[in-house]
Structure formats: structure tokens, C-alpha cells
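Same chain, two forms, each on its own as C-alpha cells: structure 1, then structure 2.
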Structure 1
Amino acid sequence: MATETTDAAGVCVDAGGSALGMPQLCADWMPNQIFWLLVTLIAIYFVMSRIALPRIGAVLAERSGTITNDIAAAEELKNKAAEAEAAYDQALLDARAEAQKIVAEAKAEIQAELDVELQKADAQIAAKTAESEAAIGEIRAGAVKSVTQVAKDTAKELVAAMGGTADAKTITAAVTARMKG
């Protein structure tokens, strides 16, 4: 194939439309590539630097600002929540203390009443006991007297039956002496 084919796309292509050597090295095409490359690069540069990059930069800055603000707000709300929780806990503690105080007071009151009632009951029991003891003492005294009388009478009768005579005085003394023993 003759390299000086000037028809079709140029000198770097053979008659069949295939490349002669590397198309990359075809000097005839290079000005075209360079020209369009520069046009494209300049176009990209202007689109980027005039429109896209400032816009995206602004959006990113705005977003980071928003995120910072939101985090600050969240922090504030968290603090508020913590405060509220502390207040709630405090209220709970107060209520508990109050309840305990009321319970203690009620207990003391009940205890006092109970003490009074107990004392009253004790006093009544003591009075009844004393009464009973007095009655028992009386009964006992009565019993002793009766026994003494019976003993004297029996002794007198016994002495009389045995044929002796005994004056009442002597017998009484003897019986009393015996009963003491």
C-alpha cells in the first residue's frame, strides 16, 4: 500500500480503510486532536469553575452548617431531657421521703394511742386483781376463823367427852398455840 494515499481520511489509512501503523502516531491527525482537546478542556474548566464547583461547594458548606446546627440542637435537647430526668428523680425522692414521714407519724400516733389504751387496761387489770386479792384475803381470813372456831369447839367437845373439864380460856390458848405451829 502506498503511504501517499491522499484520498479518504488521509495518509495514515490504506485503501481498505485499515490503519497504517499506529493511528496514535499519525501526525496528520494530531492538530485536530489537540484543537478539540483544548476546546473541550476549556469548556469543562469554565463549566466547572463558574457553575458546578461553587455550587457544590456552597451545598457542602450549607450541609455541614446544617449538620453542626442540628447536632447543637440535639445536644441542647439532650441536656434538657437530662434536666427533666433529674427533676423527676428529685420529685420521686421527695415524694418517697414525704410518704415515709407520713407513715412514721401515723405509726407514732397509733403507738401513743395504743400506749394509753394499754395503760388503761393495765390499770383496770390491776384494780381487778387488787379487788380479787382482797376478796381472797377475806375468804382466807374467814376460813381461818372458822377453822379456829371448829378446832376450839372440837377440842372442847373432845375434852368433855374424855371426862375432863376445861375452861374455854385454856383450850383457846392451846389451840391457838398449835395452829401457829
Structure 2
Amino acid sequence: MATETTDAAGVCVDAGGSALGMPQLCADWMPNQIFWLLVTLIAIYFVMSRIALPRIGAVLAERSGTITNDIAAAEELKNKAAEAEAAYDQALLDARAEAQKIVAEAKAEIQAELDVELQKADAQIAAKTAESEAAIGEIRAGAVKSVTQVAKDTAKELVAAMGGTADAKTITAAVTARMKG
């Protein structure tokens, strides 16, 4: 069996050109790797600083401006809404006051009409009462006359039925005395 002996001092590839071990860790290739790393980092730095970062900054500035404008617009709308609410509340208070005024006027008007109607009704009741009292007085007077006449006739018939004679003057005096109490 043949073993290959390699120089550990600088050989990172075998006779066929294949890498031995990890080529990234080969000390012979380190300066080359560092050079390309620096070139790549510088290229990335310039691309980022000259192209990407300004675009990102512009987008961020635009967003910031939009957000600021939106916040200002929202604040303005909030103030307008507060003013509209205050105006609405004032209009509501005015409408309630006007409604209470109208209700008070309507109550006063209805009360005045009610008072007039009550006075008319009281006058009609008083007139009907006077008419009724006059009619009752007439009926009472007629009833007293009728009772007096019936009492006289009954007394005359009773005296005659008992066998006595009485003149009209005596019977009238007796009935009149008894009617007075």
C-alpha cells in the first residue's frame, strides 16, 4: 500500500487538483480569500450606501410624512367632530327649550279654554238650577194648594160622616192652623 506523503507546508491540493480537507482553511489561499472578501464587502457597502439605503430612506421619509399628515388630518377631523358635537348638543338644548316653551304655551292656551268652558258650564248649571228651583217652587205651591183643598174636602166629609155640620170658614181655619204646624 502506497501512502502519499505530502508537504504540510503549503500543499492544499493533491496531484489530481482536488482539495485536501477544507479549502477555506488552507493557509495558502487565505490572502486570496481575504482580498475577495474585502472587494465584496466594499462592493456591498457602495451598493447599499449609494442605491439601497437612499431608497429605503426615501420610503421611510415618505411614510413618516404620510403618517404625520394622517395624524394631523385625524386631529383636524377630531376637532371638527368635537365642534359638530358641541353644535349638536347646543341645537338639542335649544330644541328642548323651544319644545318646553311650546308645551307651556299650549298648556296655558288649553287652561284658558278650559276656564272659559267651565265658566259657561257653571253659568248653564246655575241657569238650569234656577229654572229647576222655580219649577219645584211652583210644584210645591201647587201641591200645598192641592193638599189644602184635599184636607178641606176630607175634613168636611169626615164631619158630615160623623153626623155634624161644619161651615166652610171653620174647616178652612182648622186646616190652615194645622198646616202651619
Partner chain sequence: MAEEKEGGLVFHPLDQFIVEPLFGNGPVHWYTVTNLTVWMVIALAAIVAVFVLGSRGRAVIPTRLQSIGELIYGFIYKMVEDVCGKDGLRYFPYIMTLFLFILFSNYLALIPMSYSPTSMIAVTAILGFGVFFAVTILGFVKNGPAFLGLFWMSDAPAILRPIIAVIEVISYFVRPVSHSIRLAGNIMAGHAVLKVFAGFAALTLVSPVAIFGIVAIYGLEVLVCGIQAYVFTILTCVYLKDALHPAH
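This structure is a prediction, so every number in the text was calculated from the model and none was measured. Counting starts at 1 and follows the sequence of structure 1. Rigid core here is just the name for the largest C-alpha set that superposes within 1.5 Å across the two forms.
Of the two forms shown, the one predicted on its own is structure 2, not structure 1.
Fitting the two forms on the rigid core leaves the C-alpha of Ile67 displaced by under 2 angstroms between the two structures. Relative to the superposed rigid core, the position of the CA of Asp122 differs between the two structures by 2 Å or more.
Comparing the forms between the two structures, the C-alpha position of Asp28 differs by less than 2 angstroms, with the core used for superposition.
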